[in-house]
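Presented as structure tokens, the chain that follows is alone, the form predicted alone.
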């Protein structure tokens, strides 16, 4: 394809490694794979696959920026960027400046980030003490129910009975779900209850954050329409989701050279 220099962002997360190639305005290529030992080599492979898919040469890469928990593990990076700044920059650019609040459901944490009219971070709150409500929690429930995460949204819509998940701790929630299964409770009802439980956790973290500005949900779980609807019901407002919510942090890193967001040399 005919493009000039491109930016590459690597989001080395706790559960997945995401790679984005961008022309600065949109995602040209986004690839993801599970986090595993040898993250530097995984990153190189993702970049090579992405460049090949776009018929780009290595010399067309303007910069490589890393972010996420493993951002220091990729030695060939030109820049490291903290994930809060990368998340804010990515969503603000992709939303064309509309986003004011970000709810990010990561692999092992849950964040709420508020932005000013220029996309700068005003405040953020993060829950990384418990896995409940995170991507890891959804993966656990997926295994317990023997149901792919991609089916959660549709199944929740078919729920016919109200079920409560009272635990906010992932260990006790797991026990609750096992107990519900033993009682013969339908997986549709359990998934619906799971979404409602996560929505309550999100609402508690939102606190006094205004609900009349544009709120965006991102991270892999944002692709779950049932979860989006549960959060909308809890907050009593619309929740926006971008086309590729799992890649917004990597995209924010990829455009780091164009931004004044805090970065530091590896």
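Positions refer to the first chain, counted from 1. Remember, predicted model here, so these are calculated numbers, not experimental data.
There is another form of this protein, the form predicted together with adenosine-5'-diphosphate, and it is not shown here; the text below is about that form.
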message = With the partner left out here, check for me: in the predicted complex, does some heavy atom of residue 220 sit within 4.5 Å of adenosine-5'-diphosphate?
response = yes
ask   = Can any non-hydrogen atom of residue 84 be found within 4.5 angstroms of adenosine-5'-diphosphate in the predicted complex?
value = no
query = Taking 4.5 angstroms as the cut-off for heavy atoms, does residue 189 touch adenosine-5'-diphosphate in the predicted complex?
reply = no
inquiry  = I'd like to check something about residue 114: if you look in the predicted complex, is any of its heavy atoms closer than or equal to 4.5 Å to a heavy atom of adenosine-5'-diphosphate?
reply    = no
query = Pick from 201-209, 51-59, 23-31, 221-229: which stretch has non-hydrogen atoms within 4.5 Å of adenosine-5'-diphosphate in the predicted complex?
reply = 221-229
ask   = Taking 15, 135 and 150 as a possible spot, do all three reach adenosine-5'-diphosphate in the predicted complex with a heavy atom inside 4.5 Å?
value = yes
note = Checking 95, 108, 80, 159 against adenosine-5'-diphosphate in the predicted complex, the residue with a non-hydrogen atom inside 4.5 angstroms turns out to be 108
